[in-house]
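The chain below stands alone and is given as structure tokens, in the form predicted on its own.
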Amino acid sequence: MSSEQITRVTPSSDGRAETLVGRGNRDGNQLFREWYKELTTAPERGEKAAYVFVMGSLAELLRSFDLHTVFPEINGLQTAVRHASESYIADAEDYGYASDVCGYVKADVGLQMRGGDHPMGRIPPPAVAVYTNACNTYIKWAEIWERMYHVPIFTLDVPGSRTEGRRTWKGDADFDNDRLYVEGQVKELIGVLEGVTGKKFDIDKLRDHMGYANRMSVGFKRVVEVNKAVPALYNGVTDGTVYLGVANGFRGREEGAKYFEDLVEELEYKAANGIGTLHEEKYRLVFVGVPCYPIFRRFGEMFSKWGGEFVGSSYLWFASGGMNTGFEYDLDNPLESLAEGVLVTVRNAMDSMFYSDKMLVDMVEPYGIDGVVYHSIKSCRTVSTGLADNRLAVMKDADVGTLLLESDHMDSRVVSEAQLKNRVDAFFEGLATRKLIAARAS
């Protein structure tokens, strides 16, 4: 079936549809509630938490020291989806943070000022902060926690790709030197974590968590690939956000590994039975950037009402910390392989933000892409800088429609729903014209 055809959801008659279809979202949301409950009750059990980020969380290592992982980006987007972010942001701005500071940062500052009170529970204070240089904001953000809580903070400096398309790989002298550089930092971090937790490093425990991460990584890569199916099996923005939540919150845990194995089973069942997410899929799209969380549901509906489905998203690449690569650790050499994995996946995450045009062009044919939607957000220069140039590069190399939207991922004050809708409607009218012209020419 061509991706240009109208496709319809067709339920299966084998009795498994009711059990399997929708399970990924149901289980993902349940796991998320359990994760926040764990964080809320951690201090009662005398358990400590590490503040980390989605690009290079080092969750496998942190879990080997029995540390909970707290993701402030996830906490922030959860406040926005629940229409509560504006009050947290206002608290931070009243404290002195400027209006153009990252909305995630301000929501987190407001959260800390409220003693961790969050719509999903209570976020424990950090015992340590561990982060990479994948986003320039991470470093200054962690310094805020250092000043607030007087805890150790650790920056893992991951060498990025030197130039576009010039990422090095294992066996190359530059890559091997970079891996050794990262491995030295990982060993230094182990010493910091021993001091924070009072526990000795257990390499076998690390190996166990890396094994779970391997299973998750294999599953996540398959989830990205299987959406080549027509009709699309999931929405890369709305459903994809659920998948990302589990991928980060349960990285290195057995529950996370099983979730993605179950999700692959569900999606492959849907593919085999022609079960998509829309009643009529007319346009297959890729999303670039961070979603508009203050109007998350309505933002998605602006596209779905036209039969537009996001079959992929750069967000699934970088916000998973590069898990889309399917990188698997060598469990016989845990520390060396952990350093290699961090180098490969964090580089991929950074390239997904800065050099995504080639990745997008490569998706067009296998995924049947009709259009690419760019979402530039006011308070994130890291994600938004260069999107206009990226759009021009994609238009030069691929015959697809493109749309550049501007709003924010957190701050509802700079989200104009009417303006977004007008531009989305015009985009689809353009796509319809493109299809009509193509049909007449064939």
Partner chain sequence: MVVRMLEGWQDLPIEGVVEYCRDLVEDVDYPTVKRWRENGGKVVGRFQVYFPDEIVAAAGMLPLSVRGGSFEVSEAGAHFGGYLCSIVKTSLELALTRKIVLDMFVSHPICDSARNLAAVYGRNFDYPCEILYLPQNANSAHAITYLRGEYDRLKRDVEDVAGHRISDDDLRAAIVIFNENRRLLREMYAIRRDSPWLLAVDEAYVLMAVGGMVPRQEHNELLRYALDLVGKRNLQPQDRMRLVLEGGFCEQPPLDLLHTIGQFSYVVDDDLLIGSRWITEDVSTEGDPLGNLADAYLEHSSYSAVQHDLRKPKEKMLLDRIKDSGASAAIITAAKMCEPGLDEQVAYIKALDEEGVPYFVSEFEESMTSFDSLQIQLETFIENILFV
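Predicted model, so just to flag it, every value in this text is computed and none were measured. Numbering follows the first chain given and starts at 1.
What comes next is about the form predicted in complex with its partner chain, which does not appear here.
The closest non-hydrogen atom of residue 388 lies within 4.5 Å of its partner chain in the model of the complex. Taking non-hydrogen atoms only, residue 184 approaches its partner chain to within 4.5 angstroms in the model of the complex. Among residues of the shown chain, residue 40 is not one whose heavy atoms approach its partner chain to within 4.5 Å in the model of the complex. Looking at residue 382, you'd find a heavy atom of it within 4.5 angstroms of its partner chain in the model of the complex.
Only one segment in the set 29 to 37, 43 to 51, 59 to 67, 372 to 380 has any non-hydrogen atom within 4.5 angstroms of its partner chain in the model of the complex, and it is 372 to 380. The partner is absent here; in the model of the complex, the one residue of 357, 266, 340, 281 having a heavy atom within 4.5 Å of its partner chain is 357. A single residue from the set 234, 131, 317, 250 has any heavy atom within 4.5 angstroms of its partner chain in the model of the complex; that residue is 131.
Residues 214, 254 and 349 are none of them found to lie within 4.5 Å of its partner chain in the model of the complex, as judged by heavy atom distances. Residues 95, 96, 97, 98, 100, 101, 102, 105 are the members of 93 to 112 with a non-hydrogen atom no more than 4.5 angstroms from its partner chain in the model of the complex.
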